[in-house]
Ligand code: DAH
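Take a look at this single chain, the form predicted on its own, given in structure tokens.
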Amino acid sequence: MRDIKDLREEILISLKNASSNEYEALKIKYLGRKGVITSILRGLKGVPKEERKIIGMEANKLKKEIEEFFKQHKVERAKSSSGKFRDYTLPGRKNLPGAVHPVSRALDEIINIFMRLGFSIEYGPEIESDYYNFEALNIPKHHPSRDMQDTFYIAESDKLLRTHTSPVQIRTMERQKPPIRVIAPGRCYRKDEIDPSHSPVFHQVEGLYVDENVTFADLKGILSAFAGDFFGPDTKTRFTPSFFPFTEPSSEMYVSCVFCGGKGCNVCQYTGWLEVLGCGLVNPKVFEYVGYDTEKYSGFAFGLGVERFAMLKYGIDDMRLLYENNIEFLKGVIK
């Protein structure tokens, strides 16, 4: 009986300190055909009859206890991390290769094109002050253009989630003197209702070029070259008058419809043209905020929505599809 008691303690200590890889060897050692417990049960015939029953009961009790331990260990090993039973007889699942999201692909392409055109990249904070997001861009308080952008303000402060990446141009001009040729990609926020063409969170690329004798012809040349590189060499562009408080004159750029080639379809409302971005010459009042000599320097700025460019590039008709994580949709877009 003392041997069985000591053996039980020895086995429990061994199992407690053993790794999962050692369990199979221990199972053979204790429960195998020539195992310790099996040997005890076979040796009962040499035990006095009056003790045989008690020792046999204790030995069988120890055997069942050890068998239950290994049974439980097998069940635990077969469970997944989520606690569900894993059936190893099922066929394996193929790991799908990852791919770059359509928005990221479009953004990368936009950045690469402008870098080839001589632009560098600047970044700015997503939490901005009212001064950089509005006032220094010639959008003072109560200016009617603020109605165009419902803003996420941070309570009891002049901080807000930026509504565009245009504040980066102010921060850049404060930090350095012309010539400046930069783009500012990043995430923006507005209180837009979610629908096929709007989202409260979106991506924008702001562009700024400042030097001596910069004209609207420079603006048209750069943006037309960009459109031809992004949409294809046959892409045509046109510019129509518009209004933005930080540019004067202001314009919207259109490209020939990428779906019908300019012939007219329901996407372009049978006009043959699609509006893709806003632009214009930098308003001299903006230069005054950063201390630039308005008689010496001129420049142009533009801003484009990355989601819109991704939708046109990959033939997507609903912005919500970009963020629903539908793997079948993404597989169809990313080829």
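Quick note: we count residues from 1 along the sequence shown, nothing fancier. Because the structure is a prediction, the values reported are computed rather than measured.
Form predicted in complex with the named molecule: not shown, discussed below.
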>> Can you tell me which of 192-200, 90-98, 161-169, 114-122 lies within 4.5 Å of the named molecule in the model of the complex, counting heavy atoms only?
In response: 161-169
> Is there any non-hydrogen atom of G272 lying within 4.5 Å of the named molecule in the model of the complex?
Replying inline: no
>> Would you classify F302 as touching the named molecule in the model of the complex, given a 4.5 Å non-hydrogen atom cut-off?
In response: yes
>> Taking any heavy atom pair closer than or equal to 4.5 Å as contact, tell me whether F244 reaches the named molecule in the model of the complex.
In response: yes
> Is there a heavy atom of E206 lying 4.5 Å or less from a heavy atom of the named molecule in the model of the complex?
Replying inline: yes
>> Please tell me which of C279, I66, A310, V286 lies within 4.5 Å of the named molecule in the model of the complex, judged by heavy atoms.
In response: C279
